[in-house]
Structure formats: C-alpha cells, structure tokens
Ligand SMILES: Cc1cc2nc3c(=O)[nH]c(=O)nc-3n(C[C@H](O)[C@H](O)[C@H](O)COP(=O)(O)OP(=O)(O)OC[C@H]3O[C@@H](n4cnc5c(N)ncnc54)[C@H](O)[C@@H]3O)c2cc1C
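A single chain, nothing else alongside it, follows as structure tokens in the form predicted on its own.
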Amino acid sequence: MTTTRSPLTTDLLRALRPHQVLTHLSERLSYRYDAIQFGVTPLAVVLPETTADVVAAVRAAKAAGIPIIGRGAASGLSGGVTPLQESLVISFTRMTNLHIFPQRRGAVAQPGVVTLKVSEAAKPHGLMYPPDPASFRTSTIGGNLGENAGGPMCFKYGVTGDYVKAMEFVDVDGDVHRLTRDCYDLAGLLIGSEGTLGLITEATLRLIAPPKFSCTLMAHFAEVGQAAEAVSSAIAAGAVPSKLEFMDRACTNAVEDYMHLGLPREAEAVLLVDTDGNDSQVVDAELELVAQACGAAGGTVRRATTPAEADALWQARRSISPSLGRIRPQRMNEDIVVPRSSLPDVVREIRALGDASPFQLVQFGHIGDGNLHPNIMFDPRTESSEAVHELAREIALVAIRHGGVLSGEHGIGTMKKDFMRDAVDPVTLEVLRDVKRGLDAGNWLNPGKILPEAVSPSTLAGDS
C-alpha cells in the first residue's frame, strides 16, 4: 500500500492517535468523491472524535499550507465535498454523540450523527425532528447543516436551519466559537455554506411534538402540468400538507421496476400527499381540499386506507434515487426552486427540454415547496459530460427566468458553481466573496466550491 509521509502527516500523527489518521492510498481513495462526482485523492484523512481533534487537524493543515475539506456521509449531490486538489479531508463520521433534553424539547448532536437517529432518540420522549431528506438513513447532521437540507416535510415544517438553536464551529485558524441565533446570525450564515466558512462540530437542535393524526393520498395525471396545477390550486385553497411530493412517469416506472408497489405506470405524473395535525376532522378536511384540487386538474385520486398502504407510497418516493440507476449508470441531479405559481410552466418547460435532448430527463421533488429535482440520466462512457452540463444550465435558466433559485437543498458545490453568474448579479457575487474572505481570507476551507472565480475588468473589456 502507498503511504504518504509529509510534514502534514507527521504533525497529524503527533497530535492525534494513529487510528484517526489515514495515510495509505487504499484508505484515502474512498474520500475523493461524493454521491455524484469524483475528485482528487486527498493527501491525508483525519477521523476526529472531539472538537479538540478538529482543532488539531485544522492547525496542522494550516501550518502545512494544505486546504481542508469537511466531510460527512458524502451523500451530497453537487460535488460539494470532492477535493479539487491535494487536501486534508476531515471526516466527521466518528463524532456521533447525541443527547436529548426532553424538558426543553432539544437535542445536542455532533456532526456525524445520522439524521434518522435524532428522531429515533427523541421518539421515546414524545418528540420528533422534522427535517427528513431522502438520505435520512445515511446522511449526517453535519452534512444537512452544510447544505441546509430539507425533505418531504419541508413545506409545512421547514428545513434544517429552522431547527438549529445554537452551534459550535472551528474556524480556519483552529479557534472554537459558540454561536446562538441572535443579533448577527453567524450561525445562519454557516448553515448552507457547504463547509467553506467553518467546520461545524456541534449543533443544538429544536424538537417538536409529533402530530396525532395523518392521512395520505396518491393522485395521478395524464400530463405533468396538471399535477403542478393541482398543487397551486390546493395551496391557494388553504391546504398546508405536511408532505406534497411529485414524480414523473420515468421515476414512477423506475421505482415500480425496482419495488413492485403497484404504482400507475401509465400516468405522466404522480402526486403523493400527507396531511397531519391533532384534530382528525381537520386533517381529513385538508386532505379533501387536495383531493378536490387534483380532481379539478384532471387527476385520479386514491386515498390510503391503512398505515401500511401509506407507508408503501412513501417508500416509493424514498426509492427514487436508487431506482434511477436502472435507467442510466450516472445522473446529474438538479435542485431548482421556483414560485409555486410558476410550477405548471416550469415542469412543462423542463419536459420540453428533455424531449428535445438526446438524454433522458426525469423530474421529481418537493413540489409543495416549489423544489424540483430534474435529473439528467447519462452514461459517461459513451455520452458527453459537456452536453450534460449544458442541459443542466438550460434547466437552471428556466428556474431563473421564473424568479427561482439554483438550489433548495443540494447546494451549489462544483456542479452549479458556473451557473452562479447567471443567477446572481456581479455586485452581489462580490459581496459573497467578501464574506468568504472575511472568514477564510486564504481560501483554505473547501476551496473551489460555490463561488465562481472573479472576472477582472480587463478580461471583461477583452471579451467585448
């Protein structure tokens, strides 16, 4: 096995225990990618167990002049944790301490805690943690914080950042800071920053009481825009579903091939909807509002009659990502958010882009929140990655034209960094760069992510 021996690894082995520092090539190779993209093999990997370990690793890397990348479960979909040069990867998967404080409806979690574990630990106390990304069985709190992850419950209950009361982070110099959510909300700035401003080492989370009742329905439609129209109408009528999810025909058929759940293969679009609350009549009436909107838009509605039937429908939604591998070996997963009033036009325009493209383009997402995940399916062995990237940009431009944004929960990373010039004006981009420089002047933390390189005035003049 190839082992790196450098001033950095020497310092790391001096400051940490041997099992916390990975130097063999066979070990380091596993830390060069996330769920969507491969990068450069890191120079070394550190597996901290305490904040003090993180401090030691950051200070060693800074002294050696080596970039630092924080990493969770690497289930991200934007290239956000892939090293772009020889770096130190700090993987938080061993920082898994979790404490529930039922009297104050809170939890304190280290970044390596798997998302699902928070709700599992809170459940015996009659509490729950609502953020539920599709990867909740594998993704970690640190990664969720880095991307401000949402999930099917985000429309009614909000995203990760809505449940953070305080946090601890280590800055680029290896200093530790404790933040609350008052005055200048620096904690809010770090949430969604993809590890480019600091390394979060602990979060104090808000828990809530779960609703007593819930109802579920599935509606299917002969055209994708009809599903979006039903969503807009239901919400305009006053419905606030706890979950409101969308799948197009390609998604439905991929899931059905994989899971055999009895989904309607012929439908061009499927909506899955939950309503919940503490009054069963109100919950039922709210679901009826959605059912009426679906029917008026041309949909066929089926209500789940048992908890098992409801669970099967939501299993279908959570199975989309693994099921799509049956279509093509790789995908570029877009993550746009648009105003709900624009949803019918947006899903139709994206469908048209797919129809005009040589690639299969599938759509799903948290449509109640205006958050869509168009996925470009391709085979990197035979199809052009440049063409895939160009189609992704066309999708991004659809969102921007309709007053939307590039990402709802997957982040910008490297995959959408170039699109930031389309989405953000030059003055605002420079303000964002000022924020980065203020907290990481040397660009040591996860360099090359989110912000495109500044274009000099002379370059702009030369292009005219």
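Since the structure is predicted, the reported quantities are computational estimates derived from the model, not experimental observations. In case it trips you up, residue 1 is the first one in the sequence shown, and so on.
Another form, the form predicted in complex with the named molecule, is not on view; read the next lines as being about it.
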{"item": "The named molecule contact in the predicted complex: K416, any heavy atom under 4.5 Å", "value": "no"}
{"item": "A73: touches the named molecule in the predicted complex, heavy atom cutoff 4.5 angstroms", "value": "yes"}
{"item": "Non-hydrogen atom contact V81 with the named molecule in the predicted complex at 4.5 angstroms", "value": "yes"}
{"item": "Any non-hydrogen atom of P130 within 4.5 angstroms of the named molecule in the predicted complex", "value": "no"}
{"item": "Stretch in contact in the predicted complex with the named molecule, which is absent here, among 234-242, 380-388, 193-201, 255-263 (heavy atoms within 4.5 Å)", "value": "193-201"}
{"item": "The named molecule: the contacting residue among F221, F92, F246, F155 in the predicted complex [heavy atom, 4.5 Å]", "value": "F92"}
{"item": "Sole residue of Q226, S119, S214, S321 within 4.5 Å of the named molecule in the predicted complex, by heavy atom", "value": "S321"}
{"item": "Stretch 141-156 - residues with a heavy atom within 4.5 Å of the named molecule in the predicted complex", "value": "G142, G143, N144, G146, E147, A149, G150, G151"}
